[in-house]
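This document starts with one chain, in the form predicted on its own, laid out as structure tokens.
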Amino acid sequence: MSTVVVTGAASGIGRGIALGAAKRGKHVALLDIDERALAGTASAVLAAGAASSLPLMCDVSDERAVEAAFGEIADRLPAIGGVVANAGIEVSEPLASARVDSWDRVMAVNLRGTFLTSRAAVDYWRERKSEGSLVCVSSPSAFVGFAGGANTAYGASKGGISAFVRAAALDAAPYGVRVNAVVPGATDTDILYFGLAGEALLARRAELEESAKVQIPLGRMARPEEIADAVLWLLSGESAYVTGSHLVCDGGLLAKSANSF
């Protein structure tokens, strides 16, 4: 059974992808900077049926850290079959008051981190003359502006990821490596409720659920496992002729006009 590598695996969509890979009996390598949450995910992955679980502290914006992580995975786990460049952060600041350090950090984690992870993955497969599948995580904000605004850095980073996927797919194809993107819509993960507890958390959840009924054609937010299923399809042989593509998994959000005429 092959290994699946997931960055940003400690929580949210990354955790969902790791658990989905575990349920399919994969060896799972988990990369994240949150040590406590990473340990919890590693335990959950084993409980879900993973052949093995390897948690690695890794800042994906650090070139040496990413290279070291892939070296350790290569030494300790079976051949890598799939890599998911999922790690990302979001900073909401209106353009007029946006800070350069915020912009740089979002770009470092989201775009540079995707580049470093992808380069390490493709290099791994190229050196071993083995096929592989790489999935990068984009966003609807790569294609449209968020209605609430204050999203220039995140949107630009995800737009960069989408352009990167198309270009990287061409570079990787001669090695038998596929490169695709998944585009998750609003997903019900803990990050939506960060810092909230008790009544405040319940109120925020109810607010988002009501908003989803209006804004999203399918009338609800995604569950992490639904995004994971889309990613794992892209990693599988069932998508063997798919590369340079985007799999939009957003409940119809991008298909919808803002108004009815």
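Numbers for residues come from their place in the sequence shown, where the first is 1. All values reported here derive from a predicted model rather than from experimental measurement.
Missing here is the form predicted in complex with a small molecule; even so, the following discussion is about that form.
- The shortest heavy atom separation between residue 153 and the small molecule in the model of the complex exceeds 4.5 Å.
- None of the heavy atoms of residue 22 is located within 4.5 Å of the small molecule in the model of the complex.
- When contacts are judged by a 4.5 Å heavy atom cut-off, residue 67 does not count as touching the small molecule in the model of the complex.
- In the model of the complex, the small molecule sits within 4.5 Å of a heavy atom belonging to residue 88.
- Of the residues given (50, 60, 234, 228), 60 alone sits with a heavy atom within 4.5 Å of the small molecule in the model of the complex.
- Proximity to the small molecule in the model of the complex, defined as a heavy atom within 4.5 Å, holds among 170, 163, 144, 191 only for 191.
- Contact here is defined as any heavy atom lying within 4.5 Å of the small molecule in the model of the complex, and by that definition each of 14, 137 and 187 is a contact residue.
- The partner is not drawn, yet in the model of the complex one stretch among 179-187, 67-75, 95-103, 120-128 has residues with heavy atoms inside 4.5 Å of the small molecule: 179-187.
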